[in-house]
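As a starting point, one isolated chain is supplied in structure tokens, in the form predicted alone.
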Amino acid sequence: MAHLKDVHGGNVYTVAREIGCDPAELVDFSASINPLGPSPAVWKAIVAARRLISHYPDPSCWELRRVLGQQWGIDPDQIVVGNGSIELINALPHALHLRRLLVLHPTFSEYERAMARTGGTVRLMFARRQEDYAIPVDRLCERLRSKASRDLALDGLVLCNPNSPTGQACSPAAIAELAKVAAQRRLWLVVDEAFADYCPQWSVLPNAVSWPRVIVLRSMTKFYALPGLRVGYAVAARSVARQVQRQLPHWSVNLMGQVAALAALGDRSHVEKSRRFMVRERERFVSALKAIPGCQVFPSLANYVFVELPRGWHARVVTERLRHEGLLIRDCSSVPGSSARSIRLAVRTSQENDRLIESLSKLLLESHG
């Protein structure tokens, strides 16, 4: 897995040290966090809970699981809360005894990293640029049904929906068919819905809890804007949830993370406001990006867009140039299945988006010979 390179966003601290500024001065388009920030209820809840900081957090995250169970109409025992969805991703190879995983690329690198840490291997299948990087679920189902694939040794599949970094999503019906085919092969199917709060109609919850070999991952980081508190959860059949829970250490989810997550889930007005803003601002942002000569912008249902820079430009060069202006973007050139010109841009506030468009336009219109 030598191709795996650290392409995560959000490391404002390292960049601030490198260019000699305060982290607060940077505008981070590399991490896709709700530009409206956390619900105001989160701040109030954290202040109200400050006296509890002298106690250990609830290791079972019972109240958070209870509320999530009510939200999805499922048993809280089918929910496992972790220190961000990353902790859960890393727990899955042990919990499910995954040794050989099929990954659809271009996608999030942590699935392969988790397998590498446990000595497992991955097989790759690629979305096609000429199809706007649409998630190839139909092609995957055909491959799994074919006689030739019977000799393909696999334990599981992972699907990011909507996908990062491309922003593409596939329908619940398509995923249900994939779950059916996977079950016939006795394969686990992991569906990572870290960004699904932006397009709830594309989620497979709560129906997925009736599929015994499916695990759905959710994050409180992106939509609820809680990256610093690290809260994520997995939804699965009760027996599977227990297997995953056994892989997690006690007290991995801190007290304030649990408090903040509960408050965020309870503020429905902020939820709806965030969705309305994203639909409107993403459309405006995409139009502005498309107006830059040579830029190809792919369809997205998430809070980021996947962009291919004009010919002659490398993502690494543009990322570096913008960084020195205090603008961080995601260089996706090392992601398998993408091109050397691929970048991912978070949708931020209108003012911040305009600043990026202005800087990117000016840079790309320069001579780069």
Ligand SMILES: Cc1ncc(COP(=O)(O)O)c(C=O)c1O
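In case it trips you up, residue 1 is the first one in the sequence shown, and so on. Values in this document were obtained by computation on a predicted structure and should not be read as measured data.
Not on display, but discussed next: the form predicted in complex with the ligand.
221 is the sole member of 221, 258, 274, 203 with a non-hydrogen atom lying within 4.5 angstroms of the ligand in the predicted complex. Of the candidates 188, 198, 211, 108, 108 is the one whose heavy atoms come within 4.5 Å of the ligand in the predicted complex; the others do not. Listed stretches are 79-87, 264-272, 170-178, 128-136; the contact stretch with the ligand in the predicted complex is 79-87, by a heavy atom cutoff of 4.5 Å.
Using a 4.5 Å cutoff between non-hydrogen atoms, residue 240 does not count as a contact of the ligand in the predicted complex. Proximity of residue 160 to the ligand in the predicted complex falls within the 4.5 Å heavy atom cutoff.
Remark: residue 230 counts among the residues lining the ligand in the predicted complex, judged by a heavy atom distance of 4.5 Å or less. The closest heavy atom approach of residue 194 to the ligand in the predicted complex falls within 4.5 Å.
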